[in-house]
Ligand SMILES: Cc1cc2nc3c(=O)[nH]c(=O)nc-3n(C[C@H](O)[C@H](O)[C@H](O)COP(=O)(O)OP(=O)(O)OC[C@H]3O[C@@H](n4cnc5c(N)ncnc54)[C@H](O)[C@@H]3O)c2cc1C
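This document opens with one chain alone, in structure tokens, the form predicted on its own.
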């Protein structure tokens, strides 16, 4: 079989594709790899843009391991099978009067995939999804099922909540939840450059805040959210018009026309701002935080310290204006609170993420490369599930616990069963420059 991810940035043919339905079947696959001296990687739902699960050997799926294992009502915690999608987990949480504190803007990843790559939402006082984990269970390279929490194997727990599948196969996660809540989201078109000085204050005044800036214009769509007790007000017809027709079908049509007719990207971006109108929605948290993504694209997302946002964004906007890349996708801008997870991009720093997108038929590698080069000045940490071509030598500089993480990885997987070709470039210093500067971009 040929495995490919959603964006088709990654395609490969594994020698074996195994669909595990139980922990015992996971153990069997891992022990087979160990005994035969082979490599094994785990595929989630295929919504990472990077080559994080790529392998020419054994590809393991845990998609069938889904649903609730146990509800811990008093602690407001639920243990899920790790193959459960973020969307399904949200639905199940609400059935028990609970909710995740925060979500990303997409919810079809598996819990294992989303947390292992450091997926996040937005809110300067809110952490990423991995921080919600209070315990996880992982099948290590010797076939052992290891429980990890603050009380059991605490060092592995500290490091393993964002581990890229390098510690083993995560089969269960226990999440710390909160009482179910509703969000009110207000969407509007703003002059982004005029409100730049106000953003630090706005971040404190709004629970969730994000912007979609249209390159080569002054305009951005702003989304600000707050918890509310107001009744649900999210008519299906209006939702269909705004989220499906305008944000997906219209965007796809514009991208296609721009690609086919080589239209001027600046004018197209200016045109797209005309489709952004004021809108207010009220609904359960999971229906507000996550949105439909029906237009296929490629994405790179870069994290820099929050205090450098204005300087970083100024360089980014100047470079885009100078080079006039043929890109008609908005740049998504979100903020996240610092955490204590060793390889989390927000480890020990409040951060801002800028997500750069290109239409899948009209990818512009130079656009991604140039944005990454600017971000290097600010100790960039890329989202592990998005496209980038940074390697071990860079990560050693920007992650204080990099070597501590690698010591645990080597102890848990001395035969490097879980290290495929792409992961090898991420975690080992190869002492030779890449021939193509656009590699993996």
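Positions refer to the first chain, counted from 1. Note that the structure is predicted; figures quoted are calculated from it, not measured.
The form predicted together with the ligand exists for this protein as well; it is not shown, and the discussion that follows is about that form.
- The stretch from 261-269, 291-299, 219-227, 311-319 that comes within 4.5 Å of the ligand in the predicted bound form, counting heavy atoms only, is 291-299.
- Looking at the ligand in the predicted bound form, residues 105, 112 and 118 each place a heavy atom within 4.5 Å of it.
- Proximity of residue 334 to the ligand in the predicted bound form falls within the 4.5 Å heavy atom cutoff.
- Proximity of residue 382 to the ligand in the predicted bound form falls outside the 4.5 Å heavy atom cutoff.
- At least one heavy atom of residue 164 is located within 4.5 Å of the ligand in the predicted bound form.
- In the predicted bound form, no heavy atom of residue 30 sits within 4.5 Å of the ligand.
- Note on the partner interface in the predicted bound form: the residue among 169, 343, 304, 327 having a heavy atom within 4.5 angstroms of the ligand is 169.
- Interface residue among 66, 389, 416, 45, judged by heavy atoms within 4.5 Å of the ligand in the predicted bound form: 45.
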